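Single chain ahead, by itself, as structure tokens, in the form predicted on its own.
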Amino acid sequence: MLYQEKHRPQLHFTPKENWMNDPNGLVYYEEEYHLFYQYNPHGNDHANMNWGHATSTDLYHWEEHGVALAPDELGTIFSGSAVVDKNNTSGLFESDAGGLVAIFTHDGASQQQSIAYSEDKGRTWIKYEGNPVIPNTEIKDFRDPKVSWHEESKQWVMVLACGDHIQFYGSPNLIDWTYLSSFGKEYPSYIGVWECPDLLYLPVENSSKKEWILIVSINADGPNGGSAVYYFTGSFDGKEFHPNETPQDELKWADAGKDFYAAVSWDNTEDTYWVGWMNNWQYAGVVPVSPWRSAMSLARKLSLFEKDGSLLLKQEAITADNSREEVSYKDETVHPGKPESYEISDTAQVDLQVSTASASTKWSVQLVTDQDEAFRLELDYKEDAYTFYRTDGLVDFSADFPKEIKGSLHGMDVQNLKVIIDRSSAEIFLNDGLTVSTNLIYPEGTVTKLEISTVNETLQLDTVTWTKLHSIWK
């Protein structure tokens, strides 16, 4: 039965069948969140790129609608974005109230930018007869337009990935585009190609400030190998992006796990939410699942947090399960060599609140299956690092599927920890989402137990809470 297969995510969006990769066209319109995505309707590999389509009222429960945009004489349909043209700046709509406009890459003889519009809430689309709106014959990698309205300059602004840098374009009407500036050639791209950019204006917590952040996905040389997402903070004046970081600064990874890529944000929302593709290009085509291939991460609410003069991205997972079942334990003490164990379900949210009196500087959380497989997160304050071990389960399908995934704690002891467990993934959020690590797992058995252990000192926890999350498909 569909959605009952082994390793099928129960908390994350997957199409009923076939290949999916980048999220596209994220937009909120008339009480619906739209999720378009790279989709192959004919098979389980990366080919025949169309835009698939799903909608949600809460960013958690999704309804699939099928193909929204299909290939034509200009090429297949690569990644892009969608906006609400509220004032009909494009002139494409009969009503002055406008509608939805999609901006996407045609991948044919070259990569060019095109648009389409919808007058029925995204269910059907009409491609603009003058496509492409940004032609190109010179740049090999010229794709993934992310468009938003910039109020100060009264124009639509596009950020576009161009191999080893980002280009900015402006338009009054989504049809006529003018080149504004470029950014990034002086920054390291290593061997990877820049993809799926986004430009966000986010609030800084505990202040009245907002700051600009430029998102870049890089397809190779992520912190644990392969594809990953990093970001720059800075200012944007309607023409140029001015970063706070220098080319010599350490890269800021949005998610230092192995399986989070191509993340972009929803347009036309009061708060800022985004979602990423929960996979890695190193092994996406061979992950051991069928008849679908790939899932999206959970949607996440974004903000910025200032620490030691630097701005860090903060992410809060959305789990809108009104029928969740919660079990909580207070004032738990874990002694070295004596793990504490708790029965949990295989679709769950685990929350730990660490006491300020806790002495432990090296401790771990472990998910254990009914076949004695273990998936362990180890926290080491002295090394300022964490390691996620996925040595058990199915691991031999790719040499690039690492059994150890490492990341930095950014100089912060862990005050709280959240792990969201699904049938084939673990999303880890430390310190209210200032450190995030998303990783695929493929257990042979079913997760039934949570174990907490400490190595060198007593670990004191104010609360240990686990919440059973019900399938979004029922």
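Remember, predicted model here, so these are calculated numbers, not experimental data. The numbering used is simple: start at 1 and walk along the sequence shown.
The form predicted together with beta-D-fructofuranose (FRU) is left out here; the points below concern that form.
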Quiz item: For the chain seen here without its partner, which of 283 to 291, 329 to 337, 237 to 245, 76 to 84 has a heavy atom within 4.5 Å of beta-D-fructofuranose (FRU) in the predicted complex?
Solution: 76 to 84
Self-check item: Partner-contacting position among K146, R300, K258, R143 - heavy atom within 4.5 Å of beta-D-fructofuranose (FRU) in the predicted complex
Solution: R143
Exercise. Have a look at N21, S453, N18, Q10 for me and say which one sits with a heavy atom within 4.5 Å of beta-D-fructofuranose (FRU) in the predicted complex.
Key: N21
Quiz item: Would N439 show up as a contact with beta-D-fructofuranose (FRU) in the predicted complex if we use heavy atoms at 4.5 Å?
Solution: no
Practice problem: May I ask you to check whether A68 falls inside a 4.5 Å heavy atom distance of beta-D-fructofuranose (FRU) in the predicted complex? | Solution: no
Exercise. Mark D346 yes when one of its heavy atoms lies within 4.5 Å of a heavy atom of beta-D-fructofuranose (FRU) in the predicted complex, and no otherwise.
Key: no
Quiz item: Hey, in the predicted complex, is M49 touching beta-D-fructofuranose (FRU), heavy atoms inside 4.5 Å?
Solution: yes
Self-check item: Within 4.5 Å of beta-D-fructofuranose (FRU) in the predicted complex: residues from 232 to 251 (heavy atom criterion)
Solution: none
